[in-house]
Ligand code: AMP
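To begin, one chain is listed below as structure tokens, in the form predicted alone.
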């Protein structure tokens, strides 16, 4: 049995980002840039008016109020054909190119229209006022986004502005989920006898979807070595990541470890010093990385948070796949220290400006019902005396 830190190190050492692919901008959200993107133009591409108003020579307004002759009307999308000389002004809209000769824009609120195509400027304006100069945001050829940038709405907007219609990104891995157990039946069926509805596959699919990955469900496989071997053979050939639920413990019908061995998969570790999730297994076969999760539903959820999510983040190009630790002040008492790090359902809240965490009543790793109010996992240390009520405790906020 190895520590969580050792398990994470092994997982991250054995996964790599996929080969970069060009992706249409409309599908790029959530991806990570695989190469820097340079702007193909200056932004703004011209001296741009930042206000609705009048383009003028600032020197003409020094002794305002002053009257100027209006020579033209410049809406957005239109380039002036003339030049503004002393004593002249051009009506201009936000986003339109400032005409040659003008070096400032007077806000329309600071003007008064007069008869005979004239305007009165009520207040002086300094040179450069309300003008965004060409290349102020970025110059042609400069890097707009670096390798490793995660593409959210803001970054998508930047890519559009610099002409990156098909940015090179790291692809999302092909992920399959296979659930094992004779007792499991589909959600649509009504359990009888010792049957239970299968939930782990749905929990894992929801977690994967939150990370931008649509998983392929391989359904339920019985606790049968031959059937399991057939399913695993196909799954490992067609998946970059295979997540198994159940069959990894020490029971007589926990067939995942021996079947993986028969199929010549290399088991890198089996058992990690955590609760829940201790029996977790990590293996590889050719290009496929295999996570064997315990069958208890909360165990599967926790192992995904601790090991699978960091692996997927590295595979899609995150440079820092492990989130920095967060802390909150503990309210209430800790459970018994058991020599393994515990990750227990908890509730984070704000109390008089202080972030506090309180453990939720819970009946163990088979109890999903008690997790309904959970918004964090509380990290209970493995060593006695390391945390007590009122101390800062590490927490893992849940992303929904």
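Note that this is a predicted model, so its numbers are computed, not measured. Numbering follows the first chain given and starts at 1.
Heads up, the form predicted in complex with the ligand isn't pictured, but that's what we're talking about next.
Interface membership of residue 249, defined by any non-hydrogen atom within 4.5 Å of the ligand in the predicted bound form, is confirmed. None of the heavy atoms of residue 276 is located within 4.5 Å of the ligand in the predicted bound form. Within 4.5 Å of some heavy atom of the ligand in the predicted bound form lies at least one heavy atom of residue 184.
The ligand in the predicted bound form is approached by residue 197, whose closest heavy atom lies within 4.5 angstroms of it. Contact with the ligand in the predicted bound form, judged by any heavy atom within 4.5 Å, is made by just one of 180, 239, 88, 130: 180. Put simply, of 292, 297, 317, 167 only one has a heavy atom within 4.5 Å of the ligand in the predicted bound form, and it is 297. Per the 4.5 Å heavy atom criterion, the ligand in the predicted bound form is contacted by stretch 239 to 247, the sole one of 74 to 82, 239 to 247, 206 to 214, 116 to 124.
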